[in-house]
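First comes one chain, alone, set out as structure tokens in the form predicted on its own.
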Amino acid sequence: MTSKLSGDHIKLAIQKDGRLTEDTRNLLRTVGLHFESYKQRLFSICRNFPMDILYVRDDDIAEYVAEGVVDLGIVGRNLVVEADKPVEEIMPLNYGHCSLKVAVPAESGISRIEQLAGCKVATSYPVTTSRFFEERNVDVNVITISGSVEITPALGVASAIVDLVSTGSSLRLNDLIAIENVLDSQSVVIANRDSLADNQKAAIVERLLTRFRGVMAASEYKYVMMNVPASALEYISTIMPGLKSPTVLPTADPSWMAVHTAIREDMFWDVIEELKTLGAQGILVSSIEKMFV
């Protein structure tokens, strides 16, 4: 097992341990990358792709990318905006969705951010928060807090908070309500600008992004196999908006046809229910994402 980073590889920084770690590692494995990952490991060498993976604090990823320590990073957009570093955001990855929100005590009577003028606002995102209130022309005193921001109103430290919200359960537990959205976030790929200008590195980056795009597109569809009455085939074809026209194969019984197609996940159940009413039988469903590599 090699213990040195490879000079001819691109370098990717990901979160060592946190909210995006598991999904990021799963994505890298789904696109066919082979690498070892243990909590104590600082980096991994991909065995089948010219890339090294560095495991770092998520707060440092944008800095490492901007300084050229690594070529790419996968991190939440909220941290990219907060870091305010000269990096290129090149692809959203559609996981780790959350929002940065202004929240106040439920019984405060505050419903608009203008009511916070002159108040203290606690947050772990002072750059983003300050910019947000400045753009709204609301003068507040931003207090930087590391740790449990939600408790600061109860302690009398601040009248409001700006914090990351996923399900909203933490706000509810602390009797807080969100009154304004500051930023929508998800995991994104960011790149060093000099790396993108390097033809050799840019080619490797594009190979990786192509894999990401394929898996993300595949995750939006379900692959469906079924037997349908030949008499209903023409109409059934019109209600299955897949990647392209369904594949239709004959069966031993000429009154039935075997149909293979892809159905968008957001309309999957509605289509399946209608297919059953039309007599479709033996419906088998598979994830295109799992079949991709």
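Quick note: we count residues from 1 along the sequence shown, nothing fancier. All of these numbers come straight from a predicted model, not from anything done at the bench.
In what follows, reference is made to the form predicted together with a small molecule, a form of this protein that is not presented.
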I'd like to check something about E150: if you look in the predicted complex, is any of its heavy atoms closer than or equal to 4.5 Å to a heavy atom of the small molecule? yes
Touches the small molecule in the predicted complex: Q115 (any heavy atom, 4.5 Å): no
For D163, is any heavy atom within 4.5 Å of the small molecule in the predicted complex, or not? yes
Check R19 for me: does it contact the small molecule in the predicted complex (non-hydrogen atoms, 4.5 angstroms)? yes
Heavy atom within 4.5 Å of the small molecule in the predicted complex: which of S111, T210, S169, N199? S169
Only one of these stretches, 169-177, 152-160, 191-199, 128-136, has heavy atoms within 4.5 Å of the small molecule in the predicted complex; which one is it? 169-177
